[in-house]
Ligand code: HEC
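What follows is one chain in structure tokens, specifically the form predicted on its own.
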Amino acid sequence: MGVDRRSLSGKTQIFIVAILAVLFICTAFSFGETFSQNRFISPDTCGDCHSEIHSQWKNSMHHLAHHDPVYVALSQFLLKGLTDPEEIAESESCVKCHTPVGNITGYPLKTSDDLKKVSTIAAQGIQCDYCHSVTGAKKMENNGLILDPGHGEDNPGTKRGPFADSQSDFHENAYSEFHTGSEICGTCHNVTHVSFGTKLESTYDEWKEGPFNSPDPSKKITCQGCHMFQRTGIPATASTNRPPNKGLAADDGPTRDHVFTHVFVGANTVVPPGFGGKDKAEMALERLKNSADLALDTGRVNEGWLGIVITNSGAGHYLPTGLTDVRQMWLDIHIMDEKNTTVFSSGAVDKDGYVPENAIIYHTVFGDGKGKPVLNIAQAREVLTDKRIPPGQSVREEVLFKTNRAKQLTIVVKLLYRSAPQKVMDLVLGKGKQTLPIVTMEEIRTTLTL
């Protein structure tokens, strides 16, 4: 039996709309099926037979997704002062990707839950049994994975992966093409605002629409093709060699021509060392240093013009990527005359480590829907600017300066990267509590006689 809206009072209609809005927001948190936590196996159990893979995963950013202190502090900070239920809904949704086993087993259901009370297995972040119980995805954003876990160690069920001939005395095995493609990564590396639909992170889409998602299988490079080929000394970017990782997937298994590595390194040099993962930070540094190229156009330097070309030569997605309103990639430009007097300077951080407002910076700026920039992504109703570099493409910057009748110029240009603005860290954690390192991705230096 339907309801004639014309017979309802204005207040009643508003109440019904409000209830529907709340139901919609709650639905945004839902994964569909909820599982009992005892259906999942501890990563340490998996490590008994997959010791090398387990050691790679340990202290990776996947393992640390729940404990990452920068994420925890920032996510809690962004909840403060929110009153709009649609904004709150977004802020409460971080745990879907950061603590997935906990989220689908009932705790934590939202970011404001006491994250210290999360069970031991759920606190393991993005872990073995979670990923290898995946059968597909229902959506390519906000963790849309479909799972079919077993029933604990007594009946572990089927574990899915890239090999068709795997055998185990402990669990059933199945080949999964899904585990070899970028889609399994894209479900968490695409993030859409649960209320406003704003694209907050689009790493998968950047890859999908880029040159490495080639219809030619010989030219296609998936997420795994870089990030799961990397190991110490082998950055495995599009600008470096990506040799196969010959070895064992299981301790008593056959030698494979390639075993996907599980270090899951991106650009984070800050968090892993605090958890014994210094090697992950070193690999992140290697990756950053093999992601971009710099070139100078000095043809008009005599006239006070300098051209700078930045090429995304190594990443299969935009530079930077991820939560790009927070990421900082910028140019530090310094021009000196023969007396070592500064003729031009841009992008040098101040005494507090803050990037100046007039720096040439590559990032995203979100807005409140009325053209005003917002710091809190929960309030992101629009994208105001998106100044980043697509995979395989270049951008050119023009710098105008005064030569001051110099006879000789020394030009130093650096492409710098930092995981988050120091100003934000000082705001969230307190001034001086956490200094984020600045990585020199690329540097070019030349001296010219005028």
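All residue numbers refer to positions in the sequence shown, first residue = 1. Note that the structure is a prediction, hence the values are computed from the model and not measured.
Absent from the display: the form predicted together with the named molecule. The rest refers to it.
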Pick from 48-56, 394-402, 379-387, 408-416: which stretch has a heavy atom within 4.5 Å of the named molecule in the model of the complex?
48-56
Since only the chain is shown here, I'm wondering whether S195 would be in contact with the named molecule in the model of the complex (any heavy atom pair within 4.5 Å).
no
Residue contact check: P254 to the named molecule in the model of the complex, 4.5 Å heavy atom
yes
Look up in the model of the complex whether G150 has a non-hydrogen atom within 4.5 angstroms of the named molecule, and give yes or no.
no
Considering non-hydrogen atoms and a 4.5 Å limit, does the named molecule approach S91 in the model of the complex?
yes
Please state whether all three residues L306, I335 and D337 have a non-hydrogen atom within 4.5 angstroms of the named molecule in the model of the complex.
no
Within 4.5 Å of the named molecule in the model of the complex, heavy atoms considered, which of T311, S346, T105, Q224?
Q224
From I234, V118, L109, A250: within 4.5 Å of the named molecule in the model of the complex by heavy atoms is A250
Taking the named molecule in the model of the complex, which residues of 97-111 have any heavy atom within 4.5 Å of it?
C97, H98, P100
